[in-house]
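Each of the two blocks below gives one form of the same protein chain as structure tokens; they are labelled structure 1 and structure 2.
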Structure 1
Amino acid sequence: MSRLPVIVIVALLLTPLAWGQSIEPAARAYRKAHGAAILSEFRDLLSIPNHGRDTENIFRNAEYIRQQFARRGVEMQLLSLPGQPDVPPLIYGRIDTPGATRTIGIYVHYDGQPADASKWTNAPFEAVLYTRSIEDGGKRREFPEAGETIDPEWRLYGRSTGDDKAPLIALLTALDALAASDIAMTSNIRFMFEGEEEMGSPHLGQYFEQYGDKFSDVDVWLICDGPVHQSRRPQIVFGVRGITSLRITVYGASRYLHSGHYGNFAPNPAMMLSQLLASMKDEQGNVLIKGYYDSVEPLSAREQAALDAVPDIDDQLREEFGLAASENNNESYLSRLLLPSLNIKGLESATAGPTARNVIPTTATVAIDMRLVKGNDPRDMLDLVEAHIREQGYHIVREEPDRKTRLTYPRIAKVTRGSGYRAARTSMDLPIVESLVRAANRASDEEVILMPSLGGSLPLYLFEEKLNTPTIIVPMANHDDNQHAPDENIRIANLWYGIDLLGEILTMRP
């Protein structure tokens, strides 16, 4: 019996110190003590509607956030663009740390997707707490009293809980935690909070041009957005796919024709479009357009190794989506994401429902989005698609074809090119990567996953091209947070992870 205390002492002295977990980290201890207050402050932040075109409210969000950071002693500014008073402000903030040799940028966006209240279980801007997810039969409950135990499986519902106000409340809490423990930060910090990310960041480039000086000293931008891995393990993500899009309309007769009188005589644009689309991909989902895969930049050995270490969730995804098979004979999900995609997002010709009339449609239209990977240039990729369309015998126009054009060319395709941007992929060899991995591993009980690229797109190329600064994504939300959909939520365990992670990041050693 007398030996046990000795072992305990040894354990306290050695193990924790060796792994950096000897003393409970400041952020974790703080949020454990103040859980109720954190959720209450989060509720206040979530109560301000935040669609980027709801000008009054998006400015209220910005001002509220400025004040909350100012209360913690962080000097914040609401940047605006000259002559564009309705553009949501870019919130800029800085913390200068004496002796710091590194400047870390932290990006969050405070705007959210539109919320159609009629499709939500509860009002989207009155955050409510559930004992677990609604899909899993969670029950609504009161917010906790101070000191009450908080179950990490609880979910907080409301627009932007997961995407993307959680990092804001996590940052505020981390600052509180450091202040409460009197722990110094280790880096200079620059904040950038955007107010129209969900609208495609239409002014971010202008902000960078206007205020580049304010951001010029940042060594790396940490993008706090998006979900952790579907396995619930934390992840650090080094890239995103780029994106571009196009819309193609093909033409039949200039007016609806009776399918009896003219079926078999007048070409059917829906069939023409089907044939055109079918020529673009094989039945396994591989793109057949000449050169489509040629510019893809291969993974480095380190990236490949990281990829190989990512847990395989393919069966889980197929099961979840109700799919007996996925593309290219069940080729791995992650490999597929490293190729440019060509996705039909919508297809329309007359109407196919019960009210369909016996006509030959006049036009057929497809909307396509293309996700791009490292090496793909959006314009070049669109050029390849257009070359393919021409190769199928089409005359390409940019406006509705006039009579003469119609009578000249048997196949006419109106192609409307979308804008777009390149993929971004930051090298895993960057010096800060090791510190970040350590920080994430300290903030979580599970080992962090290093992901070379997400399938989705963010305009991270702007940081690379206009600020000349690499980006790394450090997400915190649960993958099942109903991002962009009704009943958006955050799992409390993920909010806690976010607080702990940002506490670690603010205090991490080089």
Structure 2
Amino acid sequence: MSRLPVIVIVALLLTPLAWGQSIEPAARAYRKAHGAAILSEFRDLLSIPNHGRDTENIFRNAEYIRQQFARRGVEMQLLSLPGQPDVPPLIYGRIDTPGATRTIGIYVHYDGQPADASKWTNAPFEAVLYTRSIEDGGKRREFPEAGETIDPEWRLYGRSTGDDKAPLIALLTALDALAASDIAMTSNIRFMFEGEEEMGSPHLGQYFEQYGDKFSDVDVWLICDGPVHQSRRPQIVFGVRGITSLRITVYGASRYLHSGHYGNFAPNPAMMLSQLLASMKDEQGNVLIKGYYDSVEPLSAREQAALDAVPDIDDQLREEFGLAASENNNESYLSRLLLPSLNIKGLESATAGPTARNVIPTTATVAIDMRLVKGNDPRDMLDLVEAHIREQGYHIVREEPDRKTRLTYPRIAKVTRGSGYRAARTSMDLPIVESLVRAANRASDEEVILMPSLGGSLPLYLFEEKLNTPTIIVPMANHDDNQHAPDENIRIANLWYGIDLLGEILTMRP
């Protein structure tokens, strides 16, 4: 991809030319002229596997990203934690703009979810282009040549196309468009690119403690993650749900038993677990655990007004998902997001399908995640679940029960508590909000939606607690991007919107 010399880009970043000029026409012109090269560079980035525990490749990602931003004249560093050489680096970038009165932080994560290649249509780290989504009958096609017209409805498939490498290529392209059009930034910029978000950001707090001085001047963090609204309209989001998890294993006999000889005599742990889980939620999907909803913090009047203005997409979602009805007698999607959830991620007990045997299994296990809302404390919520398990007659253990324990307690549950973090929600009254709304509206043909909270989870509480800085989410991915799943993808129109949006953010007036 042809680029302006670094010295030219540096000069443009440091000289207040065309102060506050809108980049939207320039960004569109740049995309039209360089679209094929943009997609080619994105393909290169997507080709590097990026699970956070794949040390070699996650470091390859970090160095590649550092180099690409450094080529644009951005001051870049790979930060590490002393004595922890295998922890993915936190990528730090800095742009100082003379005369700027505001410093904006931009966060993106460069790691991705694990990818089981056997469940993908194509190899997850071989980015492929389709004419439409695969579900809509799209056909695979070659990447475009220079000057070839690009259909915004094309889909680019590969792990992390939507979550969360798209903002990286969008930022790089926005910087190129700025340089090509002699448009200067209006804010100081700090970049933070994390390599462990999909694992729960276990070291982000340590990075903040070690390198907090690098981020001390940031006025607001813009989090580039998550999807636009299901209506395809852009949205600005002011919060996320928190998360915690647990595993529960219940026990039957100490060895597998013949279901004919011992059925109706030996308790079946799969049935026991099913009954335990059924006691936690009613038929409409409402959690029955005592106190589960008590700590929910209500919305403010402005947040409720913003929520009331969000378009109703419930029927659309039910149609898209093939559902005749949704939970709690079709209660609105947005209302359900404001409550903590209790979700079964997976169940295990013996085998099913062709390998099923006529046995009574010895154990049954469930993995549960709990999405938390503002006001919920992760440890307190886990305590409530454990109290409910005890109320159902179970003796809770932390390790495999020994013979004495098995002979003493008729119902035993091993509970393994996961880590977690609280929800976060930023006030909609921050001065920068009006500027962000204008930027998003200029970058899109449709009016931006203000959303109090996303349904997903990000460790934004760390920004509040350790950096004392508010966070606002500016998503760009399509809502049907198969996030975390096989055949993850980005709709090209959403990638183009992300480029325009970030260009507008870099040049928006204080």
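One-based numbering along structure 1's sequence throughout. In this text, rigid core is short for the largest set of C-alphas that superpose within 1.5 Å between two forms. All values reported here derive from a predicted model rather than from experimental measurement.
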### Task
Working through the pair one at a time, identify the form predicted in complex with a further copy of the same chain and give its number.
1
### Query
Do you see a C-alpha shift of 2 Å or more at Ile248 between structure 1 and structure 2, with the core held fixed?
yes
### Query
Comparing between structure 1 and structure 2 on the rigid core, is the C-alpha shift at Gly375 2 Å or larger?
yes
### Message
Once both forms sit on the same rigid core, is the C-alpha displacement of Leu273 at or above 2 Å between structure 1 and structure 2?
### Response
yes
### Query
Asp282: how far does its C-alpha move between structure 1 and structure 2, core aligned, in angstrom?
4.9
